[in-house]
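The chain below stands alone and is given as structure tokens, in the form predicted on its own.
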Amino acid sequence: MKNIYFFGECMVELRAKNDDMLHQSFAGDIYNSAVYLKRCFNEVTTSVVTAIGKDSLSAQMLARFESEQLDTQYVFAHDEKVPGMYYIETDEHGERSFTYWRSDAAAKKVVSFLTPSVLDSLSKGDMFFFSGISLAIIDNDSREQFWQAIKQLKDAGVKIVFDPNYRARLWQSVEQTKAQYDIAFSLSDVTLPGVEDLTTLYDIHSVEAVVEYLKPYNIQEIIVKNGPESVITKEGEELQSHTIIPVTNVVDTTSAGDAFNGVYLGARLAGRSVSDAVQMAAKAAGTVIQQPGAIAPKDVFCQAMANA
């Protein structure tokens, strides 16, 4: 059985339900990807590597992970910290804005739980996924330990997967981000950048320019996402362009990229071709953006994917 680890943060999500009520749920880029992967590929063991607290919201979050059949053996409980939280609003076009409370988030301390025995266990996996958000939220003084852990996993044969997923407010400067991304790309076997993420950082404006920029890193598999437009992939020396049919009924764009990532990686772990994996992933993303919130109702999502 194949397995994949999603390293990073899950947060408490608050969303306006009506004028005087909030709906509370859980979301975060790596958690969203893990959920959508598992819903489509139940045979893939899907683990979340994160830190939560020992409070009631943390207990609810852990229960939610388990309800989605995610492996929780690498969900660590911090004695003093709690989960981060955010409030989300969407406009009439489905575009979102966020207000965050994450200064005391337990996930910032997750690297401290990567002991030699934990890394030994993780080294038996097939894929290890982290994002630009995963990198940004961990403590600055933990990053060197994180990179040593990534090198150990890579040396053990675990495929390293990186999605830049750039969020400027989480970084001290563009220079700091680029320095960390340079290390991430140099260690990656698979990367899933969006054009928009790299435009701000590198003044790159097209999928072709992204592929060209990444050439020196010798990454085996590159999947470049360009919103509702085409996806370009590079597997070894083979370059392909994949046409994506855009969705017209956009309700909420939250986690579209996360759904794409999770389903793409699940399809690849299940032995699907790059082309098939892109089409499945695009269908997942298109389904998710027609529902409010980061996590679409399971029955709606699974029915749409079954029809695909």
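What you see is a predicted model; the values in this text were computed from it and never measured. Quick note: we count residues from 1 along the sequence shown, nothing fancier.
Keep in mind the form predicted in complex with adenosine monophosphate is missing from the figure; the text below concerns it.
Although the partner is absent here, Ala285 sits close enough that one of its heavy atoms falls within 4.5 Å of adenosine monophosphate in the predicted bound form. Though the partner is left out of this view, Ala256 does reach within 4.5 Å of adenosine monophosphate in the predicted bound form, counting heavy atoms only. At the 4.5 Å threshold, heavy atoms of Pro246 reach adenosine monophosphate in the predicted bound form. Though the partner is left out of this view, Ala105 does not reach within 4.5 Å of adenosine monophosphate in the predicted bound form, counting heavy atoms only. Exactly one of the stretches 238-246, 269-277, 31-39, 61-69 approaches adenosine monophosphate in the predicted bound form with heavy atoms within 4.5 Å, and it is 238-246. Residue in contact with adenosine monophosphate in the predicted bound form (any heavy atom within 4.5 Å), chosen from Asn226, Thr200, Gln176, Gln145: Asn226. Contact with adenosine monophosphate in the predicted bound form, judged by any heavy atom within 4.5 Å, is made by just one of Val161, Leu153, Val210, Val231: Val231.
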